[in-house]
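Take a look at this single chain, the form predicted alone, given in structure tokens.
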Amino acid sequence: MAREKCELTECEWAILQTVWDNQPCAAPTVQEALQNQKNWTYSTVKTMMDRMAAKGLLKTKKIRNLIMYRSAITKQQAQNSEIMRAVKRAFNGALTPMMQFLIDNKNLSKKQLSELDAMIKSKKGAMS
């Protein structure tokens, strides 16, 4: 059962990103893909993936002696949940102060500001 709201740990993010890129995949595939980033053993990855399946983040299918994993949530669902969690913590759930923070951020280029403006105008047009 896919979950709409999920709070992912850093480890779960790493595993899910690998699963999204390789699904369906087995635990050894994930362990090998993450070998350069994380120094996790196969048993560590397998345990985390089994826990993620129990939490409803991954789906499993047994093919003979091999367990194949697929994501039970989309990348967009995970991103949405993560952003809303950050907005809740940093801005008391208010989107406007978050947008103000992003706009005031000195690291935004004119092109990025124009893209944000275009997105807002497009959304306003779709609502009319």
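One-based numbering along the sequence shown. None of the values given here were measured: they were computed from a predicted structure.
The following text describes the form predicted together with a further copy of the same chain, which does not appear among the structures shown.
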Report task. Classify residue 89 as contacting or not contacting a further copy of the same chain in the predicted bound form by the rule of any non-hydrogen atom within 4.5 angstroms, answering yes or no. Result -> yes
Report task. Mark residue 21 yes when one of its heavy atoms lies within 4.5 Å of a heavy atom of a further copy of the same chain in the predicted bound form, and no otherwise. Result -> no
Requested in this report: Using the partner position in the predicted bound form, report whether residue 35 sits within 4.5 Å of a further copy of the same chain, counting heavy atoms only.
Outcome: no
Query raised in the report: If you check in the predicted bound form, is residue 6 within 4.5 Å of a further copy of the same chain, heavy atoms only?
Result: no
Query raised in the report: Is every one of 25, 41 and 51 in contact with a further copy of the same chain in the predicted bound form, taking contact as a heavy atom within 4.5 Å?
Result: no
Report task. Please determine, with the chain shown alone, which of 42-50, 72-80, 26-34, 55-63 has non-hydrogen atoms within 4.5 Å of a further copy of the same chain in the predicted bound form. Result -> 72-80
